[in-house]
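The chain that follows stands alone, in the form predicted on its own, written as structure tokens.
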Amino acid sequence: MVDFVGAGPGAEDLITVRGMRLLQEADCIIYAGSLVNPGLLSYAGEDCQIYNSAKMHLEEVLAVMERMEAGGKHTVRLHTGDPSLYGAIREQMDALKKRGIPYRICPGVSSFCGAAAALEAEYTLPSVSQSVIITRMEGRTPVPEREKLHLLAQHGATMVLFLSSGMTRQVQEALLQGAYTQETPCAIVYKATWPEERVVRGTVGKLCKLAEENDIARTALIVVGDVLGEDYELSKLYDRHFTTGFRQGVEEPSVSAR
């Protein structure tokens, strides 16, 4: 069996309980060494074989999985955050299917959730934004034409950019072609939830300058949107006048009844 496990955003205690138990049971762990906190490997048993996939290509990773499966061993493929986001797990799962190797997926806490916590932010504020766009700036790896950053920026929704902190000049230019303005709030969150976490706040018009002045070019998320500002409306969910399926709203007495 191969278990794809989300390691969480960085902090060792933000892996799920299920993920931790799978690490403890594993005969082999293949972890994304460039992004996963190595402290998580402390959950591994003494005899567990550990491989750093940052130094391996796909065929080498699959070869380890095949060898472990042939020996009746349990492999954990440890990915950063949640493996469904930029985890490159589809190609691994398809290859395992062809080889007849069973697998499962254990979700994890994504770094965009860790970034929200670091920012003390709510990505979906009433009257401000009810959508979150998770994307990245086009670099050496292209994005579909319809998902070019300047096109997505036309929505003006909350946006979280992965894998883009080294291209802040291009990001800034693309955002300003959309619905964001020079004064739209933004932030760069470096290593969210790690001990060395840093939060830098500013505006879209100064995004590139923020990154350069704080020497941030990798392992960071860029968050953009008016949800980082001060203005919003209170939620209807807890409005005492609002009726829900669990409680009756309170009606204000009319002026004539007072």
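On a predicted model such as this, the values are computed, not experimentally measured, just so you know. In this text, residue numbers run from 1 along the sequence as written.
This next part talks about the form predicted together with ligand SAH, which is not shown.
Residue in contact with ligand SAH in the predicted complex (any heavy atom within 4.5 Å), chosen from 172, 92, 129, 80: 80.
Site annotation in the predicted complex: the residue of 35, 61, 28, 40 reaching within 4.5 Å of ligand SAH with a heavy atom is 35.
Using a 4.5 angstroms limit between non-hydrogen atoms, residue 162 touches ligand SAH in the predicted complex. The shortest heavy atom separation between residue 219 and ligand SAH in the predicted complex is within 4.5 Å. Put simply, residue 111 is close to ligand SAH in the predicted complex: some heavy atom of it is within 4.5 Å.
Under a 4.5 angstroms non-hydrogen atom cutoff, ligand SAH in the predicted complex lacks residue 223 among its neighbouring residues.
Comparing 223-231, 44-52, 62-70, 190-198 against ligand SAH in the predicted complex, the single stretch with non-hydrogen atoms within 4.5 angstroms of it is 190-198. Residues from 47-70 do not approach ligand SAH in the predicted complex: none has a non-hydrogen atom within 4.5 Å of it.
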